[in-house]
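Below sits a lone chain in C-alpha cells, taken as the form predicted on its own.
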Amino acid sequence: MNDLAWIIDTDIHPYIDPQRVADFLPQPWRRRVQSGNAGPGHLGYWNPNGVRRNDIFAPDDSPEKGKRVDADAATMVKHHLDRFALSHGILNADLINVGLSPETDFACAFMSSVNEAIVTDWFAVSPRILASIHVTPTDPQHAAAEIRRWAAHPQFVQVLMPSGSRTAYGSRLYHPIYAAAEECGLPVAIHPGTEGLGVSGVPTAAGYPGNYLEWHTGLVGSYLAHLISLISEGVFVKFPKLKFVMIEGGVSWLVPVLWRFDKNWKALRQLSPWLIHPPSHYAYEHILLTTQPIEEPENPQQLQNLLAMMPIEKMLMFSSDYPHWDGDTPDFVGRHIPAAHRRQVLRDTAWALYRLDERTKNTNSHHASRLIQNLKSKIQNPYVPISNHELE
C-alpha cells in the first residue's frame, strides 16, 4: 500500500447471498432459506436510483472484469480499499433486517450464520477486511452469547443491531447485550433501514411514510429516540466503558436535540437521578457518528458552523456506505471536514475505537486459522430442533 493508505471506512455493505448463509444454517432453517423465504425483507418503497449503485462490477480492463466488487472479498480489496487508499473497511451486512423477525429462533440462527459466512468468505482473504458481529436484539441472551463467541477474533470489531426495534435501546431488556459488549471491549452500533420491519412496528411515530423520499428522510427519527433512551435510562452510567456508534444517521440533528435534552434535564432530573452530568456530557463521551450521509446545505459554511458545535474530533468517523446509491468517497467527505480534524475523522478516531494497533498484530498471527476453529466450537447453536439428516 502507498503512504496514503491510512483511511478507515466504517460502513461497507457486502452482498452476502442468503443462499450462502443457508450453507451454515441448521435444519429446518436451511430448507426454509433454500426455498426462498428469508424472513422480513423491506417495505417495498421505490427508490428510482436503486439501492445499490450500477457500477458495482469490476472495470472491463481489469482481470476481475464482471465480478461484483461488493460480493467478492479479493475484488473488494482491489477495487474499493485500494482504489480509495483505505487501510481497513468494516462490513455491515444488509441482512440485519432478518434479526427483527418475530420468529426468534430463526432470526438467531440466521444472524449466527451471517457471521459464519463473513469469517469463511471474507476474513481469510485479507486482514484489512473487518466486520461487525451481527446479532438479534429480540433475544438479548443469544446476542450476548454470539458476542462472546466471536469477540476474540481480531477482525470482528463491534456489535451490530438494526435501528428498527421493538422498544428504544435504553431499555434494560438490552442490558445483557451491553454487558457482553463492554466485557469484550467492543462498541455497539446500529444501522438504519429496518424501521417498520418485523417486530419493530410502524416506521415513524406518525405512521407509514407515503414514499421513499419521506421514509428515507425520516429515518433519523429512530436515532433521536435511541439516543434519548440510552442516556435517560442510564445505560452509560451502568456501562461506563461502552461506546455506541450510530451509523448512517447523519450529523446535523445531534446538537439541537442535545440543547433541548439538557434544558429539559435541568427541570426534570428527578426522573433520571443517576445522571450526574447533563445529557450532552454522556453523548459526547459515549456516542459516535459516521459521516455518510453528511448534510450538504446550499451554504457550506452552515455545516462548518454546526460541526464546530460538537467534538467531531472524537465522535465522527468516515464511512462510504459503499455500494449504496448515495455513498460518499473519502475526498468528498474530506472537503466537508475542517482541516484541523480531518485526520481524526478519516482515521484516528476509528483506529483507536476499534483497537487496530492490537488487532493488526493479532490478525497477522500464524495461529489465526486455529483460533477461528476454536471460536466456532465455543458455544453450541441451540436452534437445532431435529437433526439435519432427518430433513435432508
Partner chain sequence: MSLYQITSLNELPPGARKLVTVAGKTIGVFNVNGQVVAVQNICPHELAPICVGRVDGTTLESQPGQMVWGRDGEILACPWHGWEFDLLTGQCLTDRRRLRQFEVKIVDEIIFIAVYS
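Just so it is clear, the structure is predicted and the values come from calculations on it, not from any experiment. Residue numbers count along the first chain shown, from 1.
Same protein, other form: the form predicted in complex with the partner chain, not shown, and the subject of what follows.
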{"query": "Proximity of residue 326 to the partner chain in the model of the complex, heavy atoms at 4.5 Å", "finding": "yes"}
{"query": "Partner contact for residue 343 in the model of the complex: the partner chain, 4.5 angstroms, heavy atom", "finding": "no"}
{"query": "Proximity of residue 360 to the partner chain in the model of the complex, heavy atoms at 4.5 Å", "finding": "no"}
{"query": "Contact flag, residue 296 vs the partner chain in the model of the complex, heavy atom cut 4.5 Å", "finding": "yes"}
{"query": "Among 318-326, 86-94, 270-278, 192-200, the region lying within 4.5 Å of the partner chain in the model of the complex by heavy atom distance", "finding": "318-326"}
{"query": "Heavy atom of each of 27, 48 and 55 within 4.5 Å of the partner chain in the model of the complex", "finding": "yes"}
{"query": "Direction of C-alpha distance change in the model of the complex, residue 30 to residue 52 (at least 3 Å)", "finding": "closer"}
